[in-house]
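Here you get one chain, nothing else, as structure tokens; it is the form predicted on its own.
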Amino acid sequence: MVIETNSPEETYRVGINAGELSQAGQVFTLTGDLGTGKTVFTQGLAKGLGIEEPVCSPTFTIVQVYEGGRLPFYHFDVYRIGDVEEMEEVGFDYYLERGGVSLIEWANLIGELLPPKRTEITIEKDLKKGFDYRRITIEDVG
């Protein structure tokens, strides 16, 4: 599925829809260049799960846990990960098995650790179509 948005608010709304449709144990991978709207999408997903607290990228902590919604939300940002063994240290598998919803930003950096069944989301810009234009590709794998 490909969705085109033309504002951060529209990208946020796509995230809300994904959160509302999320099921226990669902894993999302999220890739896109810096500044494409990954955090905006993630904030929308959290809102769709019913999480009211502010959501920001856990760049330096690798994982942030939110438990105030209808399902727990595990937000990973692996941009600064040195090697995949760091994911074991933060309990990556443990979180994936807890029955919440997991979202992994920069998932391409830990491809060998990703579960075979997941929803892959890619956000891309195209400045020819406008500064706020985003192409969001969502694909179920496995």
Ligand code: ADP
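Computed from a predicted model, the values in this text were never measured in an experiment. Residues carry their position along the shown sequence, with the first being 1.
One more form of this protein should be noted, the form predicted together with the ligand, which is absent from this view; the next part is about it.
- Contact annotation: Leu114 falls outside 4.5 Å of the ligand in the predicted bound form, judged by heavy atom distances.
- Although the partner is absent here, Gly37 sits close enough that one of its heavy atoms falls within 4.5 Å of the ligand in the predicted bound form.
- With a 4.5 Å cutoff on heavy atoms, Glu20 does not count as touching the ligand in the predicted bound form; it lies far away.
- For Ser7, a non-hydrogen atom is located within 4.5 Å of the ligand in the predicted bound form, even though that partner is not displayed.
- Interface residue among Asp33, Glu89, Glu67, Glu53 relative to the ligand in the predicted bound form, by the heavy atom within 4.5 Å criterion: Asp33.
- Contacts between stretch 81-110 and the ligand, counted in the predicted bound form as any heavy atom lying within 4.5 Å, involve Glu105 alone.
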